[in-house]
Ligand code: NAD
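Single chain ahead, by itself, as structure tokens, in the form predicted alone.
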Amino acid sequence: MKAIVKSKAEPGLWLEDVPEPEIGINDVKIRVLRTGICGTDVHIYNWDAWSQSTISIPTILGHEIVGEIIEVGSNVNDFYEGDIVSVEGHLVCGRCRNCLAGRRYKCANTLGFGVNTDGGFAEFMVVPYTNIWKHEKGIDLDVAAIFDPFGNAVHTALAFEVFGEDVLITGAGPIGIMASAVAKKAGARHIVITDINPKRLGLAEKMGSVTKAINTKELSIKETQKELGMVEGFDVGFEMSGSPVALRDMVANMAHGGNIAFLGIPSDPFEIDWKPVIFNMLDIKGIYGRQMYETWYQMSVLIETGLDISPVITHRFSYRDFEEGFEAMKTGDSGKVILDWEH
């Protein structure tokens, strides 16, 4: 089969012929239909310091995947050939304290498809049946391909109560933009998203779920609060950028007793002033991945009841043209980029 492989310890990826994976008794084999390119994939493409210390050579990339089941293992009873499924990108051990207690998303031994083991940038993929989510008929395949990052957005947006609340989102990347749509659907009042990239702010406005999309180089969050008639600060924050400046700005603009869901991954350690966190009694919660499988259920319900996240998809390419997809990602101006494995 064809697969996009990190087969050399240098920048770049390569489309290669590799053996088809073999199915086990607890697995399903899927024909991959669409995949999304993630920022993690770009890091691996660039072969940065993190990638060099994490990725084994060779590794098939890809963890944002939708496909059609073509074979099931002998122990698999609830999934069938022809089912359209998305893949949960985190493999958990099933035996640690959190896994046994039903908190699999908190597994301390988590592995990632396309990072710690072969992923889904390939014509076929074999995964444990515990790592797939079946879709209703008629699901938009491009949307189903990005259920993994959509899950990050839903997990973050619903980490705290947002109904009737004012929400600040720092970072207008695809996940931040999708989180704004979830927050609006969940009943938030004002939703303000910040970034320094005009194209991404424009994409956030195109989604239609934000009250204001502001470039913090041109307008401060404090000024925006005044413009909206807010007297104290934001009730809930979603930190999506990993930027030290963005987190400090968020902490400085939270209401007393506010809540912050922290998804963005900083590239380096950094300091913040902890006094506002303590004296304003802010709750900061780290978010990683998706709750398996409550978040997936919430995602499906959101889509079934009319939430449209398709505007966040800005580019579509054949898998054969994956280089163009990565170039679009590396500009920093794209939303989600989809690779089509059928054409």
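For every residue, the number given is its place in the sequence shown, counted from 1. For clarity, every value in this text was computed on a predicted model and none was experimentally measured.
The same protein also has a form predicted together with this ligand, omitted here; what follows describes it.
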| field | Heavy atom contact within 4.5 Å of this ligand in the predicted bound form, the stretch among 264 to 272, 224 to 232, 132 to 140, 99 to 107 | value | 264 to 272
| Hey, in the predicted bound form, does residue 69 get a heavy atom within 4.5 angstroms of this ligand? | no
| task | Give a yes or no for residue 89: in the predicted bound form, does one of its heavy atoms lie within 4.5 Å of a heavy atom belonging to this ligand? | result | no
| query | Does the 4.5 Å heavy atom contact test between residue 216 and this ligand in the predicted bound form come out positive? | reply | yes
| request: Tell me, yes or no, whether residue 288 is in contact with this ligand in the predicted bound form, where a contact means a heavy atom of each within 4.5 Å. | output: yes
| query | Would 166, 191 and 237 all count as contacting this ligand in the predicted bound form, using a 4.5 Å heavy atom cut-off? | reply | no
| remark: Assert contact residue (this ligand, in the predicted bound form, non-hydrogen atom within 4.5 Å, options 115, 182, 159, 246) equals 246
| task | Counting non-hydrogen atoms within 4.5 angstroms of this ligand in the predicted bound form, say which of 241, 253, 259, 209 makes the cut. | result | 241
| query | Of 185 to 205, which residues get within 4.5 Å of this ligand in the predicted bound form if you count heavy atoms? | reply | 194, 195, 196, 197, 200
